[in-house]
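In the block that follows, a single chain appears as structure tokens, in the form predicted on its own.
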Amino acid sequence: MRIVLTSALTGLAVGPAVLAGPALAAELAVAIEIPRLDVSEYHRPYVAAWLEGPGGAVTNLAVWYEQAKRDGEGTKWLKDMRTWWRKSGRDLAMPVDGVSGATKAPGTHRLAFAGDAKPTAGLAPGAYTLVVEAAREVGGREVVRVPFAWPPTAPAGGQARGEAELGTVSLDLKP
């Protein structure tokens, strides 16, 4: 299944020359594993996934949080994802179309982004990092980073593994 999401660019100033550059046919695919934890009180984690460049946060890929709470109370806990919150979260009005979603059950969740569509269409060539952060009520907080170069000239990928709140986070790039 291929999901193409859109998001607003945040954090990094991108000039018109970058946005007017050639369209890329590349693809960026992300898999985020939420482990099954054997704890007495389990709550699904809040998860944020974004791309960072040398200047900081570039674009949000996904923000999973408890949207069903009345009066928007679920947004109150977004700041527990402290790294994401400081980089771009506090500047967003939630929910963000194409980025926000409900918390996810344990398992592996996949996202795919076409290089010629948002959020990757505006990425200038260079070094980036996929960052995934998870925070869980009555649990911990964890950040996982996977560096990569954009645009890919050959199939590439990378992965990192969390210790508690996140399992394996993998990134696959196709030119």
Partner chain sequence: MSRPARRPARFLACLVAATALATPALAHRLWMLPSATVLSGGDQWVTVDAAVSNDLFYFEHQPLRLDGLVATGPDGEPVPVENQSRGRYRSTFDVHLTKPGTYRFGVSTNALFGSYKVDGEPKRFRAMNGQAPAIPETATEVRLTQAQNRLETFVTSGKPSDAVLRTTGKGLELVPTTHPNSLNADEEARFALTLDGQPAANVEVEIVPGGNRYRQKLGDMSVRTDAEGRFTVKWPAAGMYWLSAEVTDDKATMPNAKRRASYTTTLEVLPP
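Numbering follows the first chain given and starts at 1. Just so it is clear, the model here is predicted, and its values are computed rather than measured.
The following text describes the form predicted together with the partner chain, which does not appear among the structures shown.
When the partner chain is placed as it is in the predicted complex, are 76, 83 and 91 each within 4.5 Å of it, taking any non-hydrogen atom of the residue?
Checked in the predicted complex: all three residues contact the partner chain.
Is it the case that residue 44, even though its partner is missing from this view, gets within 4.5 Å of the partner chain in the predicted complex, heavy atoms only?
Answer no; every heavy atom of residue 44 is more than 4.5 Å from the partner chain in the predicted complex.
So in the predicted complex, does residue 141 come within 4.5 Å of the partner chain, heavy atom to heavy atom?
Heavy-atom contact with the partner chain at 4.5 Å: present for residue 141.
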